[in-house]
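Take a look at this single chain in structure tokens; it is the form predicted alone.
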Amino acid sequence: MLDILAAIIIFALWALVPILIGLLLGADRILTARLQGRRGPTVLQPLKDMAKLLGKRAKQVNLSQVAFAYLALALQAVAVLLLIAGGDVLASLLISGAGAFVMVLGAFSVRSPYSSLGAQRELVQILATEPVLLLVVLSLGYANGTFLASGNGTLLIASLPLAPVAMIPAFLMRLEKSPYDTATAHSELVAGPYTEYSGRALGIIKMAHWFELAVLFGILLLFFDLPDPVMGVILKAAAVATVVVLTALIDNCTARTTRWTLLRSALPLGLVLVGANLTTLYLINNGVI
């Protein structure tokens, strides 16, 4: 009976993920607008845009483009479900990475130079962030003694404080901050890997990106587990709010940053931060320091 109840709760949380990510993106857009002296949309605007796109007729350049969109959504949704169910974090990251790569294939599947440019940009972005995220998950597994999300229960941020910091460039790119920003208006004038998508297919590929964001936030929240569930939820909410505010501030303070500058700094900075933290933890665990 308890197993059935646990399964119902897991699927309910999984079903709520798109709504929570939509509200998070709405809050992010309001904060960004306020920092720029604009009023901005309502917090529900991303959800309204998504509902509008999913309600439109399916249009596509070719069938493979739509197939890649649905496959990307399926992979990202499975990765999130694995995290919520307390499964293997490393497997979740790899599945999500495969979903991101499928999104790139979808952009490459059409004969459009603009779509190809967006796909190349997305591919370089993946190559710059995935090694850092992989090292973050490996450090999490080393500190926790297991890669299972359900095996957490301690405040890992105390022993690995630099690992979440190393994830900030990945959040900047996944939240589509400058110089990786794309059109966020309700229209279908889009850029990047979304070029040549329209209607329901555009909604599907954007939903895949929402689940990809959920995986990233899910990995971050594993560093803020507490034995007390109420305090744990409060701490995790504070961590998410901190990331949203911090990325919005960085976005507004580095408007002239080029994507190549961010790429050149994200990978070495992330690897150095996590590597130094992991080495320090290893030396402490072995009584060297």
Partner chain sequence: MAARREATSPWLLHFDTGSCNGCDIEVWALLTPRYDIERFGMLNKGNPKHADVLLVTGAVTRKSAERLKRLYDQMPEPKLVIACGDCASTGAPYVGCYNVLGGVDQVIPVDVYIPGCAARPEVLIDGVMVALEKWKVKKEVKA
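Positions refer to the first chain, counted from 1. Since the structure is predicted, the reported quantities are computational estimates derived from the model, not experimental observations.
The discussion below concerns the form predicted together with its partner chain, not included here.
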item	value
is_contact(K56, its partner chain) in the predicted bound form, heavy atom dist at most 4.5 Å	yes
Any non-hydrogen atom of D49 within 4.5 angstroms of its partner chain in the predicted bound form	yes
In the predicted bound form, G151 touching its partner chain (heavy atom, 4.5 Å)	no
Non-hydrogen atom contact T42 with its partner chain in the predicted bound form at 4.5 angstroms	yes
Partner-contacting position among V102, A143, L202, I95 - heavy atom within 4.5 Å of its partner chain in the predicted bound form	L202
Heavy atom within 4.5 Å of its partner chain in the predicted bound form - the one residue of E196, E212, D88, E122 that qualifies	E196
In the predicted bound form, segment of 219 to 227, 66 to 74, 31 to 39, 239 to 247 with a heavy atom within 4.5 Å of its partner chain	31 to 39
